[in-house]
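Below sits a lone chain in C-alpha cells, taken as the form predicted on its own.
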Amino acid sequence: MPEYYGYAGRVLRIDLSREKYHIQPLEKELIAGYLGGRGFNSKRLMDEVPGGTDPLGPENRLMFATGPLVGTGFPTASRFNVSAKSPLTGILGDSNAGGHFSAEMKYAGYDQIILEGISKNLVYIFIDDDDVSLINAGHLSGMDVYETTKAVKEEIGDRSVQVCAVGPAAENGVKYAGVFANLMRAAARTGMGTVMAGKGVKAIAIRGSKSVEIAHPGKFERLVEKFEEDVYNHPQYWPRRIMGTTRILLPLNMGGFLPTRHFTTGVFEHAEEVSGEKLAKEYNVKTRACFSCILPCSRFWVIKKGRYRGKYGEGPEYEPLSAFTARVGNPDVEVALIANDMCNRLGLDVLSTAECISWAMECYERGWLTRDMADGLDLSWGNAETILTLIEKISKREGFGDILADGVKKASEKLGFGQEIALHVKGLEIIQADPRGLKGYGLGYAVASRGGDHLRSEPFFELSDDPERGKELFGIPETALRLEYKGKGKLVSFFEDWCAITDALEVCKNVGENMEVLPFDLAGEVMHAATGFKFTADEMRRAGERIVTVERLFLVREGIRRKDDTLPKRFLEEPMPEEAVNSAGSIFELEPMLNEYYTERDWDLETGVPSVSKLKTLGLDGYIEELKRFDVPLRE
C-alpha cells in the first residue's frame, strides 16, 4: 500500500553551488495546508527565502511544483508553477504553464524541484527518475528556446524527454524573461527565467518511468466523467476549442475596454482584422492540447503568402495577440504572430515586452522621447519594423533595448519622464483589459500578490451581466455588472481563493475556474478521491485563503502596504473617452473597493496587513515574530 496517493511524495533539492542533490519526503502537513503546486511554492518561499534577499543572489530559490491531480489523467490537470523572489518587482515572483513537463515531473517521482545556490558554469539539469546530472551547457549559451530544446533532446538521445528552457533574453539579464516548456508553454511573468539563468541553468530535462496511484479509483472515475460532461456541454466549449482565448478580442472591443494605443482608448478600429475569428479562418491549421486535456485550445498557424510566407508557430493566446496589435496600434495580424513567436524563441514575457514598447510609443507621440534617444527608431503607433526590432534589442540588452529590459517602471525612472503613464502595479506590467471597463479585474490587478496581474483572481463572473446571480452568490447584484464597483471586494476575494485552489491542484484555470466547472465542493471530492485527504468545500476555500494570505505575508515583509495596492493614475483620474461607447465616461473607484476587499479579508484598512486574528484562524500565527522583526505593523 503506497504512502502517498495522487502525489509522488518526494521533493528534489539541487544545490547548484556545491553540485549536489538530495531527495526528501513530501511533508504531509504541507499537503494538508497548501494542497500542491502554487501552494507548495508560496509556503516554501516564505519559509526559505529571507526578507530582503537579492533576487539574483544565491539565497533566492527557484521552485517548480506540480499538483496532486497532475499525471492522473484528470482533464486539464497539466500545469506547473515556477516561483522565486522576482528580479523584476522585488516581491513574490510566480508563473504558471501547461504542456507535458509537469506530468513527466510526477512520473519521475517529484512533486517539487528546488534549485538553490548558483552554478559556477552554465549547465543543464537532466533528471532521469532518481538520477540527477548537471551537464555542462557552455555550448548552448546564446541559443534560443527552440534551439536549446532540440539540442538537449539530441544529446540525451530521447525525443520524448520533457524540457523547459530559457532563451538568450534570460542569459542577458532581461528582468522579465521566462521559463518555456514544450517550446511555447510560457511561464513568463515576473522574470522566473531570469532567476534560472542567474543560477547558471540553461534548461531542465526530465524523464520518468513511475506511476501515480489513486486512492479511490472508482469514485475518481465517476468524478472525471462528471467533469468531462460539464466541459463538453458548456457553451464556451466550442469557441474555446476553435479560437482559444483569442475569442474574447472582439467582445472586449465591443465593450469599449480593449486596451488600444497604450490604453488611451478602449476601441481598436482594426479589431476585426486582428481577431481570433480572423486567425481561425485564415491562419490556423491544427489544434493542440496540453497533457490530459479534453479542450485542445492551442492552435498552430501558418502564414501562406506575403512577406512572412512560410513562417509558422503556435498560439497566440488573447494577451499576446491583443498586446502586439491594439496595445501598440498595429493593424497587421501577421506582425503580431511574428512578434509573439520571437518572444517565445528569445524567452520574453509578451505582456511586459509590449507594455515597454507601447509606453515608448506614447512617450514618442507626446514628444518626450526622440528618435535620437531610441537608436533612430520611428516609434509611431503600429510601426512593424520598430516593434520587431525592439523585441530583438530588448533580448540582447542592446542600445535603447537595454533601457526597456528592466521593465517599464525602471525605464521611466532611468529616462526621467513618463512615470505617470508607465502602466504597472508593483513593477509588473498590467494585462490586456482596461480596468475602467472591468472593475473587478481592476481591483484584482491592484491587490494581486505578484503585481499587475489578472490570473490571481480572474473574476470572469463579472462579465455575466446577471444581477440576479450576483445577488444569489454574493448578496450584491452589482458583482455581476462590470461597470459597477459595489461588491467587487467580495467578488475578488472569492475568486482569488478559487484561483489559488486551481493553481494548487494544477488544473487549467480557463476551464476549472473561468467555465466554473470545478467549484470548491467538487474540488474537495476530487481531492479526496485522488489522494485520500478529506476536504469539505469550506476547507478547500480555506486552503485557498491560506495560500493568498501567506503570499501577502511575503509581500508585507518586503514592505508592501496599502499605498502599493493601487493602479496607475490614468485609470483613477482619466475617464474612458467617448469613442469607448459602452464604457465611455467610466473611471476606476479604487478606495471603496479596496476598503471592501480588506474588510472581507480581515486585513487592516490602513496598512493592508492581515490581522493577527486572521493569521491565527488560518494557522499562520507562527509568522508573527518574523513579521515583527521586519517592523510589520500588526493588529488584533
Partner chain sequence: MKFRVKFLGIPGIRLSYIEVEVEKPRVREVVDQLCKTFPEVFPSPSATFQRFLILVEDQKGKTTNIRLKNGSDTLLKENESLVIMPPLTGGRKKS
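Being a predicted model, the structure only gives us computed values, none of them experimental. Residue numbers count along the first chain shown, from 1.
Keep in mind that the form predicted together with the partner chain is not shown, yet the notes after this line are about it.
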Stretch from 234-242, 140-148, 87-95, 107-115 whose residues place a heavy atom within 4.5 Å of the partner chain in the model of the complex: 234-242
Does the partner chain get within 4.5 angstroms of any non-hydrogen atom of F460 in the model of the complex? yes
Residue-level contact is defined here as any heavy atom of the residue lying within 4.5 Å of the partner chain in the model of the complex; does R207 satisfy this criterion? no
Within a 4.5 Å heavy atom cut-off, is S464 in contact with the partner chain in the model of the complex? yes
Going by a heavy atom distance of 4.5 Å, is R469 a contact of the partner chain in the model of the complex? yes
Is it the case that E277, M515 and N582 all touch the partner chain in the model of the complex, with a non-hydrogen atom of each within 4.5 angstroms? yes
Using heavy atoms only and a 4.5 Å cut-off, determine which of V132, V302, M373, L250 is in contact with the partner chain in the model of the complex. L250
Which residue among E392, D230, D332, E314 has a heavy atom within 4.5 angstroms of the partner chain in the model of the complex? D230
